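So this first bit is one chain, no partners, the form predicted on its own, shown in structure tokens.
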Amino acid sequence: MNSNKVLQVIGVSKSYSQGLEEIAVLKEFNLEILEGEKVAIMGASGSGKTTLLNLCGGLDQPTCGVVSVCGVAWSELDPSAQASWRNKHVGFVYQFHHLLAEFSALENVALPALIGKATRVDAKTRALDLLHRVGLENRVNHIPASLSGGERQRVAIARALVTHPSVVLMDEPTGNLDIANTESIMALLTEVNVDMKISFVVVTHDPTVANQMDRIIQLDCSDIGDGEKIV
């Protein structure tokens, strides 16, 4: 693999069984994401956007084909090795932040670093730095319930970045935010992308968000099997 390709999806198909019927979600799909690249994934409901994101992150396995992150295919790793590789190289941000309700912002952000065997001091230092970067240095000890929607999403982004992953996968990260918070989050992503050289793959329905990416890939339910379509 070329060293600047952080993510490769090669000839990937994914089907699900529904009774006696096989439902094809993706068919012979191909995608490459370069280091530091920002890519938007768009498409109608049911076109396979979230399925693709889960395959990229090794949370699901393709029916056939290969998904590799930093030159290592998920299929080559056992579950424990997958978890370690995911922690090191992949960050996730969802529409619903999925923060741990009983943990503070600082604890939520530090957790992936601790799982990755960082010391408590190092994990805390990294978490504090990222919370400062996302403008939440005065909210580090607040639990999610005491934060606004935009603040919770900023915590989720900081958490996704704490291991300095190669790629961050985002599923509708601004879907529940107002225009001002959406603009703020996108400015933050652009800054992080430039400063940390992290790639972003963003599933979104929002053209304003998509147009700030380097590429837009359109998934179309009526054209399953054509691979990626660049807009």
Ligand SMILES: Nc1ncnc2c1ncn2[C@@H]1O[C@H](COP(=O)(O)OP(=O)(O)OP(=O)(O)O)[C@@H](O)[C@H]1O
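Computed from a prediction, not measured in an experiment: that's the story for all the values here. A residue's number is simply how far along the shown sequence it sits, counting from 1.
We do not show the form predicted in complex with the named molecule, though everything after this point is about it.
**Student:** Looking at heavy atoms inside 4.5 Å, which stretch does the named molecule contact in the predicted bound form, given the options 161 to 169, 191 to 199, 62 to 70, 38 to 46?
**Tutor:** It is the stretch 38 to 46.
**Student:** Considering the named molecule in the predicted bound form, which of Ile217, Val25, Val9, Met213 comes within 4.5 Å of it through any heavy atom?
**Tutor:** So the residue touching the named molecule in the predicted bound form, by this definition, is Val25.
**Student:** Quick one: Asn4, Lys88 and Thr119 and the named molecule in the predicted bound form, is every residue within 4.5 Å by at least one heavy atom?
**Tutor:** No, the whole trio is out of contact, none within 4.5 Å by any heavy atom.
**Student:** Would you classify Thr51 as touching the named molecule in the predicted bound form, given a 4.5 Å non-hydrogen atom cut-off?
**Tutor:** The answer is yes: Thr51 has a heavy atom within 4.5 Å of the named molecule.
**Student:** Note that the named molecule is not shown here; using its position in the predicted bound form, name the residues of 198 to 216 with a heavy atom within 4.5 Å of it, in sequence order.
**Tutor:** The stretch touches the partner through His205 alone.
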